[in-house]
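Next up: a single chain in structure tokens, the form predicted on its own.
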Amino acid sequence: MNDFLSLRTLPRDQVQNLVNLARELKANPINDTLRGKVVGLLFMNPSLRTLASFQAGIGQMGGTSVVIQPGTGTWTLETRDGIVMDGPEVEHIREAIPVLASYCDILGIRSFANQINLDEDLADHLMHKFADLSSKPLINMESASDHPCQALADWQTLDELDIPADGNFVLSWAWHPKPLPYAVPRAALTMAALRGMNITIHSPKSHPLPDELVAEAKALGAKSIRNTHTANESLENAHVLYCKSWVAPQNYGDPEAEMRLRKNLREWCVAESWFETAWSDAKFMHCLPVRRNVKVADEILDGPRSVVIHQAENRLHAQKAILTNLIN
């Protein structure tokens, strides 16, 4: 593994091996795998879990981390090619990324979607450009349309909860005050598909996932995929509900139209009543941060179904497995 850009590019057995390594590292967290090594972490967007878990993991493995947050103590970065740089951006990634890579042994980058062009964001052009510019192994810490670090930790969490590899996985839309891209929904679909799960996509009729993401999950090995629009139907015999919001594909790049479309969908807030047809101990998952009583009710987050803290903790161990694989 030369880079870690997406679970989609890895064989299932290799992903399972990373999960198994993450569980070993969770049981034995301190080692010197990164002794004398430097990991650069470039955050072009905000972070809490990703930043803290990577820094903690690097420290537990004896390494050093360098954190760069453009515009906060460092130059702002331009990502577009062929641009006349007479605006606010001071430095181009064509210089910044090779320089950072020359200082580090591994480089991690976080860069969100522009939400202007759907095809361009789904192709993840910018993250692939970063990989081309870096002479060192690159970790995708969340991109325009993927979040493989989260997906790996989610797989680890499902294994630890003894959720069957061919169990019933529900990816549910929820209301949010602004349009969100497809990085986490795509990563969750990828993870569930590679495990061979039965996938249900639960959303309003106005908010399907892009067809290419559904086709992609089928090709990756999902046991089955269906689309539903009511909680009772969606959660029938469900083992886990994974909640996330996303923009309607037809409104990608048009936030005003999207806000008009979702204006009357505030009842799409996960509550205990949703789980009437699910397994009695069905779990609730979310990548965090989450808006309480907007996307999910307190009764879920504070109740026995929620495993969001378990997921978040596993980010630490999953990312240490990635770092171990790349440095070796």
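Heads up: residue numbers just count along the shown sequence, starting at 1. Note that the coordinates shown come from a computational prediction; the quantities given were computed from them, not determined experimentally.
If you look for the form predicted together with a further copy of the same chain, you will not find it shown, but the lines that follow are about it.
- Mapping the unseen interface onto this chain, Asp159 falls outside it, with no heavy atom inside 4.5 Å of a further copy of the same chain in the predicted bound form.
- Residue contact check for Ala193: none of its heavy atoms lie within 4.5 Å of a further copy of the same chain in the predicted bound form.
- For the chain shown alone, Val67 is a contact residue for a further copy of the same chain in the predicted bound form, at least one non-hydrogen atom being within 4.5 angstroms.
- Taking the partner from elsewhere, Arg292 is found to have a heavy atom lying within 4.5 Å of a further copy of the same chain in the predicted bound form.
- Listed stretches are 251-259, 238-246, 68-76, 214-222; the contact stretch with a further copy of the same chain in the predicted bound form is 68-76, by a heavy atom cutoff of 4.5 Å.
- With contact defined as any non-hydrogen atom lying within 4.5 angstroms of a further copy of the same chain in the predicted bound form, the contacting residues in 97-122 are Pro98, Val99, Leu100, Ser102, Tyr103, Arg110, Phe112, given in sequence order.
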